[in-house]
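One chain is shown next in structure tokens, namely the form predicted on its own.
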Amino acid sequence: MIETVALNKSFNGVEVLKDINVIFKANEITCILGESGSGKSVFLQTLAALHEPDSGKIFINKENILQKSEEELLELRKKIGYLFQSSALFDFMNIYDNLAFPLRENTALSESEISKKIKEILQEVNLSGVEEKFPNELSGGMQKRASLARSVILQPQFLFCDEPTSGLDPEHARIIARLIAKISKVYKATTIITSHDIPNSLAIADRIVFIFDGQFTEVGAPSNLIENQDRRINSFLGPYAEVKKCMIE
């Protein structure tokens, strides 16, 4: 479980996160929806201890991570898989070495065990046979899948995905969304996704949260949007305001 209490973060005097109190339940997929610049990415990075908040508390498994040493934070981050918006694959490494890197750095697995694990995870994301290719030899959708594979290769307890479908065409966006949902269930991960991709978020989320001007508005299950009367949410949903029409089976 992850919980934030009165979380605040600003940059150069500009408030980005404002008094955020939220709980992310274990094994659930939560999608945080909001416009660009609303604070979604900053919130996710703060949860991963990549930013230090100005005030507030962050509890992961009931431990306040803001009281941890840098060494303890390094251990915590091993439990977190982070899918970056830009994929963030090492362009000077082939896909095999990109996926092998966290295993070599954080485990005592032999190279044959690493090879087996890489083959298995690439099969999970429908990328079998790309081990020797470099990131620039893959399409945008394939890069996202390779990055997803790397983010979960340590079988993390938590999976953070920052705008995972950004820049993809609708079909590849749906593929990535479904893969995230599938892998989250396989690894029983507590998954938090930031996005402005309305239909795919509604299709895979157990729970929806909106962020407007650095503040959270809790919705709960996607089906709750049907009865929602919040003007800001309906404005954001736009043509998708009739939720039933954009839910993907």
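These numbers come from a predicted model, not from an experiment. Numbering starts at 1 and follows the sequence shown.
The following text describes the form predicted in complex with a small molecule, which does not appear among the structures shown.
Colleague: In the model of the complex, does every one of Glu35, Ser41 and His51 come within 4.5 Å of the small molecule, counting any heavy atom?
Modeller: Heavy-atom distance to the small molecule in the model of the complex: all three under 4.5 Å.
Colleague: Even though the partner isn't displayed, in the model of the complex is Glu163 close enough to the small molecule, meaning a heavy atom within 4.5 Å?
Modeller: Because a heavy atom of Glu163 falls inside 4.5 Å of the small molecule in the model of the complex, the answer is yes.
Colleague: Is Gln157 part of the interface with the small molecule in the model of the complex - any heavy atom within 4.5 Å?
Modeller: Judged by the heavy-atom cut-off of 4.5 Å, Gln157 is well away from the small molecule in the model of the complex.
Colleague: Can you check whether Lys68 is within 4.5 Å of the small molecule in the model of the complex, heavy atom basis?
Modeller: Outside the cut-off, so no.
Colleague: With the cut-off set at 4.5 Å between non-hydrogen atoms, does Leu237 touch the small molecule in the model of the complex?
Modeller: Leu237: no contact with the small molecule in the model of the complex.
Colleague: Given that the partner is absent here, state which listed stretch (215-223, 41-49, 59-67, 22-30) has heavy atoms within 4.5 Å of the small molecule in the model of the complex.
Modeller: Selected range: 41-49.
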